[in-house]
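The chain below stands alone and is given as C-alpha cells, in the form predicted alone.
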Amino acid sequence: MNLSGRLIDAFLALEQTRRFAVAAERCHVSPSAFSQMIGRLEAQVGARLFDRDTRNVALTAEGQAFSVGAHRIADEIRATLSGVKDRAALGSGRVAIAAPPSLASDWLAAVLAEFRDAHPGVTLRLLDVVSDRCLALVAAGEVDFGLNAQRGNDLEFDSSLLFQERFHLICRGDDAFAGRRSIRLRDLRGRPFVQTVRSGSVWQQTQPWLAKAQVHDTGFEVSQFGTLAALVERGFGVSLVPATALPLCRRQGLVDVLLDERAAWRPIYRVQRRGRTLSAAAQALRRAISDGVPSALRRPASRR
C-alpha cells in the first residue's frame, strides 16, 4: 500500500469541510483532481469512506474508523516536523564533545557556558579525556566531535586545525629558571623531570624533545595537571605543559617560563568522523568554539 500524506490530507480536508469544492481549494487542486484523490484513497483502503450526494458528504462507518488513524498520523507528522524545526532552530537537541583536560578546564568551559545561555534547550555533554581516548570516542560515535592534539588518520577522521599553542616550563619560584623570560630545550639537560602519562598528547609530543635534551626521568607519570603541579611544588622536578594547561598548574610557589623553540607548538584540531553530518546543534557549537578561541591562540595557526 502506497498511502501518501497528500491523500491523508485530502481525507482530513473533506472530513472537516464536508464540501468537495472547499476541500479541493484547501488542498490546492481542482475539484475533479480532488475527487480522483478521494477515489484513489478509497481504492487503496478497499472501502468506501464517504457517502456523498449533490448536497451532503458524510463519513461511512469505515470512514469513521479510518479517521482515527488519519488524525493520529497527521498529528505525528506535525509533531515530527515541529521537533526537527525546533532542533534546526537550536531550540532543542543534544551535543557531546570530547577534549583534553587542559582545554576543558578554562576557555572551553567559558565557551560552553556562553553557548548554554544562548541555547538553553540544547543539552551539552563534555568528556575530558586524553588524546587516544578522544579519537576512540569520535570513531565510536559516542561524541559528535572532539578537540584533540592528534588529528587521527585521514581515512577515518576529518580534522581541521583550530589553533597552535606554546609550551611553558613549570618550576618552583626558587628555581634557577624562575627569573628568566624563556628557556631552550638544551637548558633542561640533566634536570629532574615530571612526566605526563604516555597516552596523552603532551607526553607523545614532548618525549622526543626531552630525550634529545637528556633530562633526568624521575619516574613520575601523572594524568592530572594538578598532580603534576603538586609534585613540582614539592621539589620532585620541573615539567613542560601547554599554554591552555597553565590555569590547572597555578600554585603560589610555582612560576611558568616560556619554552622558546621554533618547533615547540602543540596543534589542536577539531576532529569528527569522516562522512558524518553533524546535527544543527553540533554545527552551532563547533562554530562557537572556533569563534571563542582567544586571539593569543589564533595567531600561531598561520604557521601550519
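Given the structure is predicted, the values throughout are model-derived calculations rather than measurements. Here, rigid core means the biggest group of C-alpha atoms that superpose within 1.5 Å across both forms. All residue numbers are counted from 1 along the displayed sequence.
From this point on, the text means the form predicted together with another copy of the chain, which you will not see here.
In terms of contact with another copy of the chain in the predicted complex, the residue from Leu248, Ala47, Cys27, Val255 that brings a heavy atom within 4.5 Å is Ala47.
Just one of Asp174, Glu142, Glu114, Glu76 comes within 4.5 Å of another copy of the chain in the predicted complex, counting any heavy atom, and that one is Glu76. Only one segment in the set 76-84, 209-217, 97-105, 174-182 has any non-hydrogen atom within 4.5 angstroms of another copy of the chain in the predicted complex, and it is 76-84.
Among residues of the shown chain, Asp260 is not one whose heavy atoms approach another copy of the chain to within 4.5 Å in the predicted complex. Proximity of Arg72 to another copy of the chain in the predicted complex: non-hydrogen atoms within 4.5 Å are present. Looking at Phe66, you'd find a heavy atom of it within 4.5 angstroms of another copy of the chain in the predicted complex.
Contact check for Ala58: a non-hydrogen atom falls within 4.5 Å of another copy of the chain in the predicted complex. In the core-superposed comparison between the shown form and the other one, the C-alpha atom of Leu12 has shifted by at least 2 angstroms. Once the rigid core is used as the reference frame, the Cα position of Arg276 differs between the shown form and the other one by less than 2 Å.
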